[in-house]
Each structure stands twice: as structure tokens, then as C-alpha cells.
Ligand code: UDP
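Next up: a single chain in C-alpha cells, the form predicted alone.
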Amino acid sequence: MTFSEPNHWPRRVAMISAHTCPLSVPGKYKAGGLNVYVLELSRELSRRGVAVDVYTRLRDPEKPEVVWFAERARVIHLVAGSPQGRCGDTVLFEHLPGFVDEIAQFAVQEDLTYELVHGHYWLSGWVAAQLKGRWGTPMVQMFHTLGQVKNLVAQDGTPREPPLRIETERWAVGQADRLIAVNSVESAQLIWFYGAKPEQLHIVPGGVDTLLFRPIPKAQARRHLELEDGARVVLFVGRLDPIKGIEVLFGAFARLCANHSSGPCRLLVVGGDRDRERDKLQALRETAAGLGVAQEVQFIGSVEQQHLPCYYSAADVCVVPSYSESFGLVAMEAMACGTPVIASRVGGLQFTVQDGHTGFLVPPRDLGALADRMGCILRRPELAARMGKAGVERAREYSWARVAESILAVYGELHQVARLPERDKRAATF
């Protein structure tokens, strides 16, 4: 029995992204690959005739309640605590019951009926489970990052994820009808750490927009960004979260600069919220100064998606030194733009980056290995060109259309079971 045909799909889905709006610029406070995933998946579902309502916390009182971003897809901003200022995960959790009530009230006012609810991240998992109970709809859950895994790789002195998160993730796993993992490592982690059942799990790799992320001639990209001629450019893109390993990159970059054999180098740091993360930015500037590379490091701040291809294309190498990464969207975007990637051999990066083919994988936190591999690519333009070409080919395998088709197969399976008589639901196997 196949569930990949439109007549098996739900007509309307409630997508939950409680803690961050998918319309936020990636790289800003709390905005990253999850935002891109929710936005692109919803767009693709809309193209296939599925109506998608993405419910998120209102963070800006000036924003309209409803924002359409595709023919059948919209973001709905609802109150969950004060919309002013920061709201950490633990604080936001206290406001989730009210957020659930807001969603339910909006659905009643608009006379909406949802045939499936899809949660993203642990906070949204709690919300999705509550709505499943209220509406009697199937629940799909993605975590994107796992608290247990983050705690395992956290360095000394780095804040740990609270027990509340771990307990909520475990509870949401038990409530979900299906769990989406982006690779076999995450699938195994859900089973080992959270007691997920194999029959709950579906592996669906993430995607990349290859129409947006495509190679731009390097000279053209550098002129546009007003980068100096002759310098080797190393690129970091991402949130300024300790788990992204940016301080390891700084240390390796300092070693690279001290070597001099690669010529003059520049490190571009794309990401960070200048308004909300001033302390983080200042600390990183002090780290760069302490390593003697303050003049070589340029902090760009967060960049709109449509401008990112220019940065990727201008770079000689993109470095993703994360301690943990479910998929590695930045690595895939860089490869789609024809830029070699050096990434930590962790999580989804082990599947995204093909070691020696589209870039290099190095042990996490290994400054020497990272510096060595950066120098290898910067000193060998023929190797960089070969890896860049292979990266473009690799990225074509990860379209959002393919992601949507796989997710719709999961939706279709649950939708058909939900329509069965109760006695047949218990007997249904897939």
C-alpha cells in the first residue's frame, strides 16, 4: 500500500514552531537550520495542495498576526508570554499551556480542522502532544537537536540542557505517532536515549534550495562584498552558540595565519544578532584579539538567505566546526555553491560531507587537524576546484521537493490510519 498519492495526504496540517518564527533570518538569536527547514517544507507542501498553518510565538508586537508566505502556507503569531525581549526555553515552557489555548481558540474562530499536527523542537513537541489530545489528530515530531546529545558534547563550563528538556523530549517521543530523524545516527540516539520504537521512526534527510544556492563566479562575489584581492577567505556561517565550535575555529585559524604558507587570510563570521548578542560578539572579538588575529577576522552579522550564496561563493573554504549537528545545512548550502567544506566528524555532518571528495572531516575540537586541512585546501586550488564541483553534484541529491515527498508519505500513512474504524486502527500495520 502506498501513501505517496494526493488522495492519501491530509488537507490541512498544523505545523508547530513555538520558540522561533520560520520567517526570522537564520543566524540571529535562536534562528538557524530549523527555521529554514520549517519554511521550505511548508512551501513544498503548499505546492502539493496541502494547507499549512505554522504556529509560532509572537516576538514582535508590530508584526501582523498572520503572514502568508506561500499560496496555502502561512505563519500565525500568537502570544506566549511577553513578546518583548528574550524568552529562554525554560521560561517559555511555562507559557506553553496558554499558547496551546491560543492555537485552539484561533482554530475555532477560523473554523479550521486539522488532520495532522507536526512539532519541531522539544517545546513544540509538548504543544503538538497537547493538540493531539484535544483534536484527536495524529502527531509527527522532529527535534532537530536533542538535549541528551548536547549535554554529552558540552565542554566544561558550558551550560547544560536542563532536566526539564530531557524529560519533555522523552515524553514527546512517547506521545508521537511518528518521529522524523535526518539520519541513522539521530535515529539510533532517539532509540537509545529516549526509548523510541523503531516502528515510530522514519529517516528523511534535510534539503537545500539549489535554485538559490548555486555557484557565483568567485571574482564577481568578492567584488560585490568588497573583499580585498589576493586574500584567502575562510567562512563560518551559523548561530553564535558554543556548540557550533567557533572558538575552535578561531584557534585553528590563528595557527593557519602563523604558518604564512597559505598567504594572507581572512575569516568571515556570518551570524549573530548585533542587538541581542552583543556580549557574545564582544567575547569573540576579545578571543580573536588574544590569538593575534583581530585584524583578520570580520564579523558580518546575520545575513538574509538570498545574500548567503554570495558569501559562500566568495570563500575558498567553509568551515563547520560544530560539536553536534543533526544535518549540517550550512555545509550543504556551501557545497551547493561550489565551496569545499571542512566539518567536524559528528552527527549528520558525517553524511553531508564526503571526506576527501566534497571536503574534509576532522575530529571535533582538533585545532591541529582543522588548521592542517584548511591549509591543504588554501594551498591547492586544483583540489578546491575539484571538491567544489563534487559538492555541487552532491547537493542536487538533496532537494526540498524530495524532502516533501518523503514527509508526505509519512503523513499519508498516518492520515489513512486515522480514517479507519477504531477496531481496524489497532490491527493496522505498515
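Residue numbers run from 1 along the displayed sequence. Keep in mind that this is a model prediction, so the values were computed, not measured.
Note that the form predicted together with the named molecule isn't included here; everything after this is about it.
Participant: Just checking whether residue 244 would be counted as a contact of the named molecule in the predicted bound form - the rule being heavy atoms within 4.5 angstroms.
Facilitator: Yes, residue 244 is a contact residue.
Participant: With the partner left out here, check for me: in the predicted bound form, does some heavy atom of residue 328 sit within 4.5 Å of the named molecule?
Facilitator: Heavy-atom contact with the named molecule at 4.5 Å: present for residue 328.
Participant: With the cut-off set at 4.5 Å between non-hydrogen atoms, does residue 312 touch the named molecule in the predicted bound form?
Facilitator: Yes, residue 312 lies within 4.5 Å of the named molecule in the predicted bound form.
Participant: At the 4.5 Å heavy atom threshold, is residue 33 in contact with the named molecule in the predicted bound form?
Facilitator: Yes - in the predicted bound form, heavy atoms of residue 33 and the named molecule come within 4.5 Å of each other.
Participant: Work out which of the listed stretches, 233-241, 112-120, 191-199, 163-171, brings a heavy atom within 4.5 angstroms of the named molecule in the predicted bound form.
Facilitator: Contact-bearing stretch, as computed: 233-241.
Participant: Using heavy atoms only and a 4.5 Å cut-off, determine which of 305, 151, 175, 350 is in contact with the named molecule in the predicted bound form.
Facilitator: The residue in contact is 305.
Participant: Under a 4.5 angstroms heavy atom criterion, identify the one residue in 221, 75, 270, 107 near the named molecule in the predicted bound form.
Facilitator: Contact residue from the list: 270.
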